[in-house]
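First, one chain by itself: the form predicted on its own, in C-alpha cells.
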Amino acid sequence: MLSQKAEEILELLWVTTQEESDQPMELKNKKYSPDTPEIKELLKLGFVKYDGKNLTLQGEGLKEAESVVRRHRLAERLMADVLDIQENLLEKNACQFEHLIREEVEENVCTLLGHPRECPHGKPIPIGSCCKRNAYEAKSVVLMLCELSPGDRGRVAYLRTGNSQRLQKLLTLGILPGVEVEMLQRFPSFVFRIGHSQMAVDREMAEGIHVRLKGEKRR
C-alpha cells in the first residue's frame, strides 16, 4: 500500500500533467526532490520516471494516480452532499478522507451519490468501473421512481438528487442503494413500499431515486 505522501504526489502529478498541461512536472523545490522517501517509493515501484529534471507518470503509475484523484473528488462530493461540510473545509478533510477509501468502499460511495461527474469545485471525477456498469444497465432496466407504474418492483440502484438536503432526507428515510421498493400509486404523490413501511414523496424527490427493475416494466 502506498504511503499517504506518495499518493499526494501522484495526485499532484495527475492534475499537473493530465489536466493543467501535457508537460512533465519539474522538480525544482526541496519539498519534492529525488532524494525524498516518497519519490524513491514511487521510483522503486516504477510509477514515475525521473530524467534528472522532470518527473512523469508511467505504466501503472498513471492508473494509480487517476484512482487517487477519483477517491479525493468522491470524498469531497460525499462530504458536501451527505455530511454537509462547509466548502472551505472540503479540501483539507478530503485529503485525509481519500486515503481511507479503498476500491470496495469507493464504488459504494460512487453508487450512493449517483455516479457524479464533477466534484463540488467543478473538476471532473474520473469514471470508475461502477460508472461504466451503470451506463450499460441504465439503458434498459434502471428507471427513475416517478417512471414506475403501480405494482412495479425493484431495488434502488443509486440516488441522484443534485441537492444535498434532498439527498440527506432520502438517506434519513432509509432509501439506500440495494433496498427493495414497490410502487403503490403515482397520484397525488408517489407512494411506494420499503419493507413494511409506506412512504410518499413528490415528483422532485422521486426523480432522484433510480430503481433497477425486477423483470420487465408493466405497461
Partner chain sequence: MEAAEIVRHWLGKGSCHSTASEKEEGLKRIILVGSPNVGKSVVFGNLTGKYVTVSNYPGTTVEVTKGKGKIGEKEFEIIDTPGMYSLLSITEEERVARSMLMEKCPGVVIQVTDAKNIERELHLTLQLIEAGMPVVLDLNLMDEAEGVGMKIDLEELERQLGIPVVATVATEGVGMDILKGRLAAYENKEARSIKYDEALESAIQRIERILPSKYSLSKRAIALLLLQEDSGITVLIREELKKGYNALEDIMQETKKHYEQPLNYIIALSRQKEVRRIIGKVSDSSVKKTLNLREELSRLTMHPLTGIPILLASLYGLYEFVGVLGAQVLVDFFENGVFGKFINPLATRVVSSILPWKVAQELLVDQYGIITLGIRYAIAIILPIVTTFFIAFSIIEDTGYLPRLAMLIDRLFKKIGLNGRAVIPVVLGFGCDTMATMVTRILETKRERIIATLLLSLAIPCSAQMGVILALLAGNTRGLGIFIGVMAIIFLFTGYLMAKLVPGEKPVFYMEIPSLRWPKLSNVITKTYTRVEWYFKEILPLFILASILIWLGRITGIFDLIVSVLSYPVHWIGIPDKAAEAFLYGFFRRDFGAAGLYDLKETGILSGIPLVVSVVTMALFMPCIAQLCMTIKERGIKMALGMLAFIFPFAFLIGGLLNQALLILEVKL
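The term rigid core refers to the most C-alpha atoms you can superpose between the two forms while keeping them within 1.5 Å. None of these values were measured; they are calculated from a predicted model. Positions refer to the first chain, counted from 1.
Keep in mind that the form predicted in complex with the partner chain is missing from the display, and what follows is about it.
Here the chain stands by itself, but in the predicted complex one stretch of 180 to 188, 64 to 72, 45 to 53, 32 to 40, 180 to 188, has heavy atoms within 4.5 Å of the partner chain. Every residue of the trio K169, G174 and D202 has some heavy atom no more than 4.5 Å from the partner chain in the predicted complex. Proximity of Q23 to the partner chain in the predicted complex: non-hydrogen atoms within 4.5 Å are absent; the residue sits far from the partner. Contact annotation: Q58 falls outside 4.5 Å of the partner chain in the predicted complex, judged by heavy atom distances. In sequence order, R155, Y158, L159, N163, S164, Q165, R166, L167, Q168, K169 are the residues of 149 to 169 having a heavy atom within 4.5 Å of the partner chain in the predicted complex; the partner itself is omitted from this view. Taking the rigid core as fixed, one finds a CA shift for S21 smaller than 2 Å between the shown form and the other one.
Comparing the forms between the shown form and the other one, the C-alpha position of L12 differs by less than 2 angstroms, with the core used for superposition. Put the two forms on the same core and the Cα of I127 is off by less than 2 Å between the shown form and the other one. Figure legend: C-alpha atoms of R73 and L170, shown here, are separated by at least 3 angstroms more in the predicted complex. Figure legend: C-alpha atoms of E207 and H121, shown here, are separated by at least 3 angstroms less in the predicted complex.
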